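Heads up, the chain below is alone and in the form predicted on its own; it's given as structure tokens.
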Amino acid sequence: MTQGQLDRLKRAMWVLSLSILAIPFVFPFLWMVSSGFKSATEIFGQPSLVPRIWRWTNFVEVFEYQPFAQQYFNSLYIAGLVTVLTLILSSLAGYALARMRFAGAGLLMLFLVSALMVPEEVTIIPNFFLMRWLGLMDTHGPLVLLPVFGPHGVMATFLMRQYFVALPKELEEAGRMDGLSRLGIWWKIALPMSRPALAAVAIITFLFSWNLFLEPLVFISSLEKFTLPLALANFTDAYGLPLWHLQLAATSLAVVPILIVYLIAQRQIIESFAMSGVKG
């Protein structure tokens, strides 16, 4: 056997081994999608991955049972807005903490990192009174402000700070010689070079906002303002029992944006954590 054939055999063995190991992780997803095409009776009947009768009407009933299209749009625009604002603010704050020397910078960073240790359940009551005082109850304002300025925003700032610390100082010096201000260096030099970190922050932020459940549950009461996590929990019958065939069909639709975003940015996420986790 030649070296080339041996390498191909090793690669095939690796692929086979990883495929077998992936089965426990992929099977629940496949079961969820296939169950979205089943009736409620068939889901709890004899187990079968392939539906005996394909009920395509489940995906139509999802939109008829409640304003699911509006709720889907709510999650999309909220997650997109939170992602954009987090990228802007975390990159600005991360660059300032990494490159600007000022009194109390180390203490400020310590306070920011300490905020990551506080569970959101601890702060939900003070945030409730704050949002009520601001007149933002039953609006999407809390779902945008709290992730951007809360612990998740701190985590994004920390990631960006770690990445900016590793950038060569010579680039900043060259920018100053070209007449760039501090803000110009951030915009024209630091940001373009931090695309892996920006991609990681974007995907993590999008997923965090997309899956948010506690805050919408506390702050939103109107059905048309629900986000997807609340909408999925609302597929129940008159007795409050889950309509599993509709819940699974709706969940299958809800994971589509997550899969698209992750497939696009997965390489940047891995690169960002590999480079930022050992720097600074």
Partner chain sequence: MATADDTSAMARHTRVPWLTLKRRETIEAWLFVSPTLIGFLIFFLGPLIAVVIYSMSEWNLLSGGQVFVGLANYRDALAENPDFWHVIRNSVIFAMGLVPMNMALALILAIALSRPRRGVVFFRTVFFAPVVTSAVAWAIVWKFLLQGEGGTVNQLLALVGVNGPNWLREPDWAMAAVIVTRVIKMVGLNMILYIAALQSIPRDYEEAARLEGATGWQVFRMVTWPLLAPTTLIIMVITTIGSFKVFDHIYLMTGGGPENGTLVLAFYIYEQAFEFFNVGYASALAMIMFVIVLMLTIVQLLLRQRGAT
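Numbering follows the first chain given and starts at 1. Because the structure is predicted, anything quoted here is derived from the model rather than measured.
This protein has a second form, the form predicted in complex with its partner chain, left out of what is shown; the following refers to that one.
J.: Tell me, yes or no, whether Phe63 is in contact with its partner chain in the predicted complex, where a contact means a heavy atom of each within 4.5 Å.
T.: No.
J.: Is Trp186 near its partner chain? Define near as a heavy atom within 4.5 Å, in the predicted complex.
T.: Output for Trp186 is yes: heavy atoms within 4.5 Å of its partner chain.
J.: Contact between Leu198 and its partner chain in the predicted complex at 4.5 Å, heavy atoms?
T.: The answer is no: Leu198 has no heavy atom within 4.5 Å of its partner chain.
J.: Under a 4.5 Å heavy atom criterion, is Thr251 part of the interface with its partner chain in the predicted complex?
T.: Output for Thr251 is yes: heavy atoms within 4.5 Å of its partner chain.
J.: Is it the case in the predicted complex that Leu18, Val26 and Ser35 each bring at least one heavy atom within 4.5 Å of its partner chain?
T.: Every residue of the spot touches its partner chain in the predicted complex.
J.: What residues in 41-69 sit within 4.5 Å of its partner chain in the predicted complex, counting heavy atoms only?
T.: Stretch hits, in order: Ile43, Phe44, Gly45, Gln46, Pro47.
J.: Which way does the C-alpha gap of Pro257 and Trp54 go in the predicted complex, closer or farther, given it changes by 3 angstroms or more?
T.: Relative to this form, closer in the predicted complex.
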